[in-house]
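What follows is one chain in structure tokens, specifically the form predicted on its own.
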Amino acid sequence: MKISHGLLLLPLLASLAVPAWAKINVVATTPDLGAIARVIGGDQIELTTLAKPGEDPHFVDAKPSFMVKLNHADVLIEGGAELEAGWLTPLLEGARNPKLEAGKPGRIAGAEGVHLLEVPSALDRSQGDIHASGNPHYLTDPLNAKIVAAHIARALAELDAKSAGVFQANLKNFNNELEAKLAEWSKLVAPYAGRQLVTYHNYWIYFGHSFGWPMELFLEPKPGIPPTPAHLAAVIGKMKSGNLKLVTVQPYQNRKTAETVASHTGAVVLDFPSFPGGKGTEGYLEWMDFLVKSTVAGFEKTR
């Protein structure tokens, strides 16, 4: 019996068809992006986040299983600004998913439209781990979260037009809640405007810029370069002369180093979760709320 080519193609076409009720399969590189995507996408998405909350986003363990997740994804949300360059590129090469190619609707670059700080005038490896596009930790400024949320809502609506109204409603709710929290945070931080924090790594520059807390002193002598005794001695001297009393440390950094500096200066060490998911902060706004209130509490304790 002769079988037409059209009939032979039917099973293949059926396997490629996406049911109308299917959720959008979204992969986010980091927990902050994932937290925002969860709010905007709601029940319309299936979300996977690659980096763990306590993991250094520059050096994520690129597991082979991540290639499988990326191969099955409809959407990839990346921070960009070279944050994930060292581990995401080989994963994408292995995943071979055309939906996630640059310029496709399924590839969301969070940094697009964000005013990046600390863009180097020249690349010089002697200056440490610097990024050509600028400092990539822009989501520590809540205003930048609004930009990323808008990117996600727009991309999801393009991929699932029937749910566009849901995504826009979720975006509006997120922005309204964020604006309410900004008003609350503004009152909390006002008495401490201009106070300086010492940080282990230059991770929180956008956070400090947003809330009026300068961050110019770091336990690392240069980004990504481990602290040296000579540098820490200089930091301690500057902290004493400037009466700086707060030192922040992240989960993957050496807390003992921060404690040593604090013991010589009478400072308080603040444990700052790098992303939502640490310290009981599942959502983006909860994470930011923890950071703001922890800093204010630290200032109050060291008055």
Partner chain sequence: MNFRIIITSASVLMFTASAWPAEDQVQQLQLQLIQLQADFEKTRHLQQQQIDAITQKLAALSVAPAAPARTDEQQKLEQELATALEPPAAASRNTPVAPSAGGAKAGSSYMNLSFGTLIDAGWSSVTDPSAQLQLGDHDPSKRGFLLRNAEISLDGAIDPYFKGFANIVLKLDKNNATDIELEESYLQSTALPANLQLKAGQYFASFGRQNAQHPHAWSFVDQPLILGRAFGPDGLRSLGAQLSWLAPTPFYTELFLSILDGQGGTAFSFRNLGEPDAAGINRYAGRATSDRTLRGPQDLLFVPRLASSFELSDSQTLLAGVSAAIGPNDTGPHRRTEVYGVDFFWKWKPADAAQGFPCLTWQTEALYRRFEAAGDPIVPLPAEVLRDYGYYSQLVWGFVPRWNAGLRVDYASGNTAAAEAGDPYRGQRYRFSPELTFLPSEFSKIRLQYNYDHGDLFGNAHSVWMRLEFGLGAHAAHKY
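Residue numbers count along the first chain shown, from 1. Bear in mind that the values here come from a model prediction, so they are computed numbers and not experimental data.
What comes next is about the form predicted in complex with the partner chain, which does not appear here.
Residue (of E46, E259, D61, D271) lying close to the partner chain in the predicted bound form, criterion heavy atoms within 4.5 Å: Exactly one residue meets the criterion: D61.
Out of L217, L232, A157, V189, which one falls within 4.5 Å of the partner chain in the predicted bound form, going by heavy atoms? Exactly one listed residue reaches within 4.5 Å, namely A157.
Using a 4.5 angstroms cut-off on non-hydrogen atoms, would G194 count as touching the partner chain in the predicted bound form? Looking in the predicted bound form, residue contacts with the partner chain do not include G194, since no heavy atom lies within 4.5 Å.
Is there any non-hydrogen atom of H115 lying within 4.5 Å of the partner chain in the predicted bound form? It does not: once the partner chain is placed as it appears in the predicted bound form, H115 has no heavy atom within 4.5 Å of it.
Can any non-hydrogen atom of G42 be found within 4.5 angstroms of the partner chain in the predicted bound form? Answer no; every heavy atom of G42 is more than 4.5 Å from the partner chain in the predicted bound form.
Using 4.5 Å between non-hydrogen atoms, is S65 touching the partner chain in the predicted bound form? Judged by the heavy-atom cut-off of 4.5 Å, S65 is in contact with the partner chain in the predicted bound form.
Hey, of 261-269, 31-39, 52-60, 236-244, which bit sits against the partner chain in the predicted bound form at 4.5 Å between non-hydrogen atoms? The contacting stretch here is 52-60.
Is every one of A109, A132 and P251 within 4.5 Å of the partner chain in the predicted bound form, counting heavy atoms? Contact check passed for all of A109, A132 and P251.
Going by heavy atoms, what in 171-187 lies within 4.5 angstroms of the partner chain in the predicted bound form? Stretch hits, in order: L171, N175, E179.
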